[in-house]
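So this one's two forms of a single chain, laid out as structure tokens and tagged structure 1 and structure 2.
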Structure 1
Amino acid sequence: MSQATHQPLSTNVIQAITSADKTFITLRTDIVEGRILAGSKLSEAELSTKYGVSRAVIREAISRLMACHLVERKANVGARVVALTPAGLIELYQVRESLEGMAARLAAQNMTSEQVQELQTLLDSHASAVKDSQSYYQEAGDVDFHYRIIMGSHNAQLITLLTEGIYHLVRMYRVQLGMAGPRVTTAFAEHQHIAQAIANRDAELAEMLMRRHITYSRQNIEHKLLS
């Protein structure tokens, strides 16, 4: 996802992309949030009936989900939702730690003052939810703390690698295994410290805190996977 200004789409263009895109986004959300179980087989016929679209639309959505690393296709098995495993978690979070650490460093250097303030405002809006419950659910996109920092890096290559590459697979682990329990309050505090380092334009500290935050998150999810 680039920082380029998006021009308004004509009504005809919007209508042309709505069905396929809406099905893809709905399927992606259902997988990330666990309504379609990790490791489960995907049947084009069943999904076509469930979502009220053609099998061709489902087939396209599955191909796009494979590009997001949420679905894999194996010979003699077909398409399946990826399984959430300790080994898969470790590999994914090693990459995430490195790339998001870099994003935090660049965000401290490149975020505008307005973006820094918006990041703090976002955390303020999260505070009441964290205080009142044992869950720290964040929607994808602009209301996700990590997404804001990724975009704040202002590095188009890094943004593409994260938002179009591993972002939704990371969210699948986070949403299903990492956004509830005692970890909630400490994760939120870590977000506050990262935001403060970015506000102080301390790039080295921002990167270190982000990498440490992701390490702690991985350890928390790994514990749940193994228990």
Structure 2
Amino acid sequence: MSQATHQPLSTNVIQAITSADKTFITLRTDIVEGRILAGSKLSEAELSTKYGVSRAVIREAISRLMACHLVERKANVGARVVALTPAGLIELYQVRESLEGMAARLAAQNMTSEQVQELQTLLDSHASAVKDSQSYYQEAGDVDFHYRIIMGSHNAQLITLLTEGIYHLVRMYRVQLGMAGPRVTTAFAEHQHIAQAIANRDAELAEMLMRRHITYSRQNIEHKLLS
């Protein structure tokens, strides 16, 4: 099982305090998981009654959803969930490749030896799950792996951009296009190579392997999107 020292991934670290926090997280989950369809309109009144809160907190939640590029809003018209398109996927993964490549490089430089150790422990625990091909757990494990490397960069700006910004959009593409498949085991091997490079403090290699890993991942999803 996962470490107790780390939060449950994907649901954000910052726990919800206010009513707007909870509504934001609920809405975000519903959008990422596809319970609210991509491209659909978000009616403030409708959501207000649905979640039992005032329109003010709905607007607040929508504002934050705009900040992570999950919804778009036009003045006096309303908010819509973003559409999932091949072009959007490619653009997103180009950015992700650049940022996560950088994260891997910085992680190789800045991770504490404890963090490196924990990363290896995590991968070991994944090994058994992969053998049983528990595909959902693999999805969670994948997010966890990337999450730790991002945190290991020790760059607050980068961490915010990735974990609060584009990562939920990445998950939205992944979840809604289905993630199981033969890539599970190869992806795991790639993770191990990246972790090895980081353990060796080989920043250049870590960046390169991460970029390649994400490229493969994009090609995998792209394949599904076009079929």
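In this text the structure is predicted, and so the values were computed from the model without any measurement. In this text, rigid core is short for the largest set of C-alphas that superpose within 1.5 Å between two forms. Reference numbering: structure 1, starting with residue 1.
Trainee: Could you let me know which number goes with the form predicted in complex with a further copy of the same chain?
Mentor: It is the second structure (the form predicted in complex with a further copy of the same chain) rather than the first.
Trainee: Can you give the C-alpha shift of residue 75 between structure 1 and structure 2 in Å, rounded to one decimal, after superposing the rigid core?
Mentor: Superposing on the rigid core gives a C-alpha shift of 5.9 Å for residue 75.
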